[in-house]
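Below you will find one chain, with nothing else, as structure tokens; this is the form predicted on its own, and questions on how it binds or moves follow later.
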């Protein structure tokens, strides 16, 4: 049995951070969660919530006392800009006696991740999840209001991953030996088309969902109307129209690291069914 340890989780109120916290607690470890506003954290009972900011590394010094593991994100501040403070954060971590670090990959090279990869005194693991299942929440409004999903490139494949599985891999790497220097691509158990996802959501909500395939021109118009920038639109056209192999290829990282299979999208859909419920039903619930 793994010895009880104390881990500092940064980005603890984020989509992945909350699951890192939950998994560490489930495994019997102590969790200290770093957030910019402790009053809004809404984290589980038993979590020690402390205030700090990765853009101001000196605020981490007291938070690092007594911890053996540190989970890092690569962006900080209200604007989610890439952190330039990696060297100072790692210096404080070494001084505090941190033994293991995980860093959540930010989609490309970042100064903080580069600093972690260059670290020689502390064991580190880079977590590289593919598309989050939570991205399906972008469809919630359209499904709840009109019972439809409007998307281009509906045959595109994604090996999307349940956020809780990212948290599980992080928790193991932060508290157990054997993960130093590893770059873990993390996927779900199956590569899915848009139609596969819509079908699973329909089952979860107990009502059919129409899938409307858009042309590229229609998709661009829809994205512009929703306020997306031209850079984001260009990115979406590229990643949806020509999904990288890593994003559509299933790997067994979750099972190898945690000892159990990756969670399915059907499970995720069932857990979030209320978000996709018909507007009339949601209003009376």
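Remember, predicted model here, so these are calculated numbers, not experimental data. Residue numbers count along the first chain shown, from 1.
There is also a form predicted in complex with a small molecule; it is not shown, and the following applies to it.
Exactly one listed residue, out of 131, 119, 176, 196, brings a non-hydrogen atom to within 4.5 Å of the small molecule in the model of the complex: 131. None of 180, 135, 114, 215 but one reaches within 4.5 angstroms of the small molecule in the model of the complex through a heavy atom, and that residue is 135. Stretch-level contact analysis of 52-60, 256-264, 22-30, 220-228 against the small molecule in the model of the complex, using heavy atoms and a 4.5 Å limit, identifies 52-60.
In the model of the complex, the small molecule sits within 4.5 Å of a heavy atom of residue 105. The small molecule is not drawn, but in the model of the complex it has no heavy atom within 4.5 Å of residue 269.
Mapping the unseen interface onto this chain, residue 36 counts among the residues with a heavy atom inside 4.5 Å of the small molecule in the model of the complex. In the model of the complex, no heavy atom of residue 187 sits within 4.5 Å of the small molecule.
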